[in-house]
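This document starts with one chain, in the form predicted alone, laid out as structure tokens.
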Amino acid sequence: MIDFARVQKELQECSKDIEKSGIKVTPKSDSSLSRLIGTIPGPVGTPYEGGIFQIDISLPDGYPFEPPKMQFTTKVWHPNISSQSGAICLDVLKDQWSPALTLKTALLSVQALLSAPQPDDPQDAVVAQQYLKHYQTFVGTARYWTESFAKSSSLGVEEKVQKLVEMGFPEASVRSTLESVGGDENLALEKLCSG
């Protein structure tokens, strides 16, 4: 059984120093604390700098004794993150997890992984090969993906609405869809296209 009192406390801890860390965790819906959305800023001095990355967090029944399941919903070009699914290859999310760790420390570890890729233990072999053999191309691609996928969601709401309305969607449904996905422009576009 998930320790919801602890999860509540962790959410409060995260919101305390959001200005300093930039790390945010919010419930995906009002009805449950087992599905969360984490947000981390791209580390300074990396191709991810300036990007805001969203991570889907799913808490298993055994949390905090079992690690949270995390995967990027923002597309990322990185050897240890699947460019297709957003799956993350990181020991603290697997066998190195400890109940002493928190959602925030897990997200800090993911952020540190952005700064220090481990191409010898890749989640995405294509990206890892590029990192090892054509480093400058890797940096350029990672920067391009950050510009394309991690920065558009930092636009103001009105700019997002304007962009989606220009694509031909009705303004009312654009606003309600953006609201339902927490302002994530890419998710809103997916939802508008599918329904």
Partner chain sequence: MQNQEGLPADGEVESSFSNSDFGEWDTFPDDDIMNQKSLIQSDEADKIPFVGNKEPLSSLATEYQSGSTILLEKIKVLSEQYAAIRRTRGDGNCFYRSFMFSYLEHILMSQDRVEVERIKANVEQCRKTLQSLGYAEFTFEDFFGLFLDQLESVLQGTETSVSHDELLSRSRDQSISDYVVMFFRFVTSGEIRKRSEFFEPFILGLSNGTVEQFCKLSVEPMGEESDHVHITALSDALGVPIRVVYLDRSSCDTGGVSVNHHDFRPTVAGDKPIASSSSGTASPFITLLYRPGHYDILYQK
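Positions refer to the first chain, counted from 1. Because the structure is predicted, anything quoted here is derived from the model rather than measured.
Not on display, but discussed next: the form predicted together with its partner chain.
Novice: So which of 21 to 29, 168 to 176, 183 to 191, 5 to 13 is the stretch with heavy atoms within 4.5 Å of its partner chain in the predicted complex?
Specialist: After filtering at 4.5 Å, what remains is 5 to 13.
Novice: Which of S115, T73, T102, Q118 has a heavy atom within 4.5 Å of its partner chain in the predicted complex?
Specialist: Of S115, T73, T102, Q118, the residue with a heavy atom within 4.5 Å of its partner chain in the predicted complex is T102.
Novice: Quick check on this chain: which one of K151, K69, K163, R35 has a heavy atom within 4.5 Å of its partner chain in the predicted complex?
Specialist: Exactly one residue meets the criterion: K69.
Novice: Y144 versus its partner chain, in the predicted complex: is there a non-hydrogen atom within 4.5 Å?
Specialist: Outside the cut-off, so no.
Novice: Given that the partner is absent here, does Q123 sit within 4.5 Å of its partner chain in the predicted complex, heavy atoms only?
Specialist: Yes - in the predicted complex, heavy atoms of Q123 and its partner chain come within 4.5 Å of each other.
Novice: Mark F65 yes when one of its heavy atoms lies within 4.5 Å of a heavy atom of its partner chain in the predicted complex, and no otherwise.
Specialist: Yes, F65 sits close enough to its partner chain in the predicted complex that at least one of its heavy atoms falls within 4.5 Å.
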